[in-house]
Structures are given as structure tokens and as C-alpha cells.
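In C-alpha cells, one chain follows: the form predicted on its own.
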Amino acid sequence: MIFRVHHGSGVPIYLQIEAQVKQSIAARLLREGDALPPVRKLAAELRVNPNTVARAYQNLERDGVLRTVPGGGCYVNSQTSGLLYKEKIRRLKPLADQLAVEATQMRLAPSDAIDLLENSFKSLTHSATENSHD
């Protein structure tokens, strides 16, 4: 699993790591039970403070995406697929609101924003299909 961060992007590095882990799970590059790199190893590879990686992992664990085994590392959790529908909607609503705000500020038609989202789903589905043939 290769993570990349962009130091000058304006997006906090821990959020970049969180997003990449979630995207890797959605694309099935990471699956239930897969181990993530140890905090110090990933921090060294990304050339960031280990506390930054630890924060990302802690947030992902809090959200139920990862589970931590004391002294044994972090693993992709199976609980996210078992979340109640209301909880899934609660977690996604802020992201949907943000997309709507950004699209409106850029004067993008709602249909274009919806097309963008649908294309993202297709891209993830395509990645998952490719990975299932490996």
C-alpha cells in the first residue's frame, strides 16, 4: 500500500492519510483484516511526524474504519459495512453538503455535480473489478 501526501495542498496531512485509507478500502485495495503500515514506518516513508500518522489512525479507529490490536498494529475493520443506514447517512451528509456548496460556488449545475459523483462510483467499481482479478 503506497500513501502519498502533498505538503503544499492546504489539506492537513492526517486528513490526506484518512482519505487515502478510506479510498483504498472503497476500491478494495485494502480489505477486512489487512494490516496498515506501522505508524513509525509510514511516518518515515511520508517524512512526517509520527503523531500525524497516529492521529489519522486514531480518527479512523474512532470512525470504525480500523481496529487497533495493542502491540499488534492497525487492521481494516469489518464494522463499517455493518453500520446502520441512519449512521451511514449521518456520516456522509457533511460530505454531500460540502460537494453541493463547492459546486454552487463554482456555478456548476447540480446535474454536473451528480455526474461527477456517479463517475467517481464507476471509477471505484472499475478499480474493484480489476483488483478482484489479481
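Given the structure is predicted, the values throughout are model-derived calculations rather than measurements. Residue indices: 1-based, along the sequence shown. In this text, rigid core is short for the largest set of C-alphas that superpose within 1.5 Å between two forms.
Omitted from view is the form predicted together with another copy of the chain, to which the following refers.
Student: Tell me the stretch among 51-59, 34-42, 87-95, 67-75 that has any heavy atom within 4.5 angstroms of another copy of the chain in the predicted bound form.
Tutor: Stretch with heavy atoms near the partner: 87-95.
Student: Closest heavy atom of residue 9 to another copy of the chain in the predicted bound form, within 4.5 Å or not?
Tutor: Result no; residue 9 lies far from another copy of the chain in the predicted bound form.
Student: How about residue 15: is it within 4.5 Å of another copy of the chain in the predicted bound form, going by heavy atoms?
Tutor: Taking the distances in the predicted bound form, the answer for residue 15 is no, it never comes within 4.5 Å of another copy of the chain.
Student: Residue-level question: is residue 108 within 4.5 Å of another copy of the chain in the predicted bound form, judged on heavy atoms?
Tutor: Residue 108: contacts another copy of the chain in the predicted bound form.
Student: So in the predicted bound form, does residue 29 come within 4.5 Å of another copy of the chain, heavy atom to heavy atom?
Tutor: The answer is no: residue 29 has no heavy atom within 4.5 Å of another copy of the chain.
Student: Determine the residues of 96-126 with a heavy atom within 4.5 Å of another copy of the chain in the predicted bound form and present them in sequence order; the list may be empty.
Tutor: Result: 96, 97, 98, 99, 100, 101, 102, 103, 104, 105, 106, 107, 108, 110, 112, 113, 114, 116, 117, 118, 120, 121, 124.
Student: When you overlay the rigid core, is the Cα of residue 65 off by 2 Å or more between the shown form and the other one?
Tutor: Result for residue 65: no, shift under 2 Å.
Student: Rigid core superposed, CA of residue 99 - does it shift 2 Å or more between the shown form and the other one?
Tutor: Superposed on the core, residue 99 moves its C-alpha 2 Å or more between the shown form and the other one.
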